[in-house]
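Shown here is one chain on its own, the form predicted alone, set out as structure tokens.
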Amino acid sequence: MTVTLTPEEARALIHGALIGAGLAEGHAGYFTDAILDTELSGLEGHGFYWLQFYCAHLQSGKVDGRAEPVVETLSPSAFRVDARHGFAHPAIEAGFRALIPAAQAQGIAAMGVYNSYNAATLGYHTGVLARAGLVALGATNSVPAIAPVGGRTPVIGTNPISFAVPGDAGKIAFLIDQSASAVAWTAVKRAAEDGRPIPPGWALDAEGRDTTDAAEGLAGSMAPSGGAKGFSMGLIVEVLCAAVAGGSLGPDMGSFTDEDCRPIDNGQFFIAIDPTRFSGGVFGDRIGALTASILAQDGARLPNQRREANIARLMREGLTLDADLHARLQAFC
């Protein structure tokens, strides 16, 4: 059975579950917006599905829902944010209040977040920067899920990276949001929960062989996107988020799902660039020409275009979720 919610009902459910589970009221707005945007974008595996873990982690004390992030100014264009074992979203929101005006004033600014948590859909955060007129690069590391090429033991996470480009009038021209793995880890986890096979090329078993058994894939390694190139991209993210930002390396993190009484304590890293300060006035025209050259081709689309179409459609149709999951989330409210 399923339940269909209007966007307003979905927002109320998300907000109510977070607050009911123990999140401070002042931290709930940005977090709620991010989860709702994820669901409306059609990324259902990353919205309501993960909300149940967020709430359970609040109740168990794995994450501190009342932690106040501390933003340290290192220079006029560099910031370090201590999430203090709380959620990533309040820490990122607090950091952006310093990062955005700094990038606009200095031309470029960066910030690292440490002692953090699952940042969920990374493109939501870079999209906030793009809507402020900034070219944005974001990264977040996670628990080990990808083995090095030629190896069998995962050492880095799916480690997504996102790049967002501003358009006209506070809009996003296009947005890239992709993991270092061929597919999101959640897709394999949900297949294992449902007892469904996975397509070849998604994961490897413990012996490093391609597998269509989701449970074997979870016990082995996610397949890197593009082979060695995907693992290399994940390494870049690991350096930015652990070595530069000061988050934990993958093997040192707490679980993203289990009640292991350990904070996740991963990291995020963001770079924001004011394109008007570097481009000599050609940025808008160049982006317009670039996107036009893509959209002029039949069947071609820009990164994020499908998500935007989903938002428009689901705002009209409403959001559908499993009735059991709906009941679990209501119980937190």
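Being a predicted model, the structure only gives us computed values, none of them experimental. Start at 1 with the first residue shown and count on from there.
Unshown form predicted together with another copy of the chain; subsequent notes refer to it.
- Listed stretches are 245 to 253, 212 to 220, 86 to 94, 192 to 200; the contact stretch with another copy of the chain in the predicted bound form is 245 to 253, by a heavy atom cutoff of 4.5 Å.
- In the predicted bound form, at least one heavy atom of Ala182 sits within 4.5 Å of a heavy atom of another copy of the chain.
- For Gln52, no non-hydrogen atom is located within 4.5 Å of another copy of the chain in the predicted bound form, even though that partner is not displayed.
- With a 4.5 Å cutoff on heavy atoms, Val149 counts as touching another copy of the chain in the predicted bound form.
- In the predicted bound form, none of the heavy atoms of Gly127 sits within 4.5 Å of a heavy atom of another copy of the chain.
- Note on contacts: among Val71, Val155, Ala132, Ala187, the single residue with a heavy atom within 4.5 Å of another copy of the chain in the predicted bound form is Val155.
- Put simply, of Ala56, Ala67, Ile287, Ala28 only one has a heavy atom within 4.5 Å of another copy of the chain in the predicted bound form, and it is Ile287.
- Each of Phe231, Ile236 and Gly280 places at least one heavy atom within 4.5 Å of another copy of the chain in the predicted bound form.
- Contacts with another copy of the chain in the predicted bound form, taken as any heavy atom within 4.5 Å, map within 65 to 88 to Leu74, Ser75, Pro76, Ser77, Ala78, Phe79, Arg80.
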